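Heads up, the chain below is alone and in the form predicted on its own; it's given as structure tokens.
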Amino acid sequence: MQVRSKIWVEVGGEPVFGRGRRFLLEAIDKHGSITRAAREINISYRRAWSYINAMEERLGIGLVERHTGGKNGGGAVLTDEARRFLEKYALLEEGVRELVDEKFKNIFTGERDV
């Protein structure tokens, strides 16, 4: 038996960041392209743009630097702020996972009567 949990960040009651959007930013970082990132996580390019714009607006920081096409083509890279945010989010996820795992263990291994 295992326990699973989800965590996401909301601003003004609106979801702004969670696992799916983390995957999007990580894929952009990996591929240097919003198109390829969207393809990797199985969403449309339009939806990827929508997520990026919503995250940037609600968080109040730039996450992705876009470079339009041209001779060498376009691309996208994460900003330093995006990298810091991803690092903090990873620490938060790990901390929550540790707490949930410990609580699960305490409750379901008989250390606490249910």
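Throughout, rigid core stands for the largest set of C-alpha atoms superposing within 1.5 Å between the two forms. Start at 1 with the first residue shown and count on from there. Everything quoted here is computed from the prediction, not taken from an experiment.
The protein also exists as the form predicted in complex with another copy of the chain; that form is not presented, and the subsequent description refers to it.
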property: Heavy atom of K88 within 4.5 Å of another copy of the chain in the model of the complex; result: yes
property: F23 within 4.5 Å of another copy of the chain in the model of the complex, heavy atoms; result: no
property: Heavy atom of I61 within 4.5 Å of another copy of the chain in the model of the complex; result: yes
property: Site check Q2, L92 and V96: each within 4.5 Å of another copy of the chain in the model of the complex by heavy atom; result: yes
property: Rigid-core frame, C-alpha of V9, shift of 2 angstroms or more between the shown form and the other one; result: no
property: Post core alignment: F104 C-alpha displaced by 2 Å or more between the shown form and the other one; result: yes
property: Cα separation of I61 and G95 in the model of the complex versus here, shift of 3 Å or more; result: farther
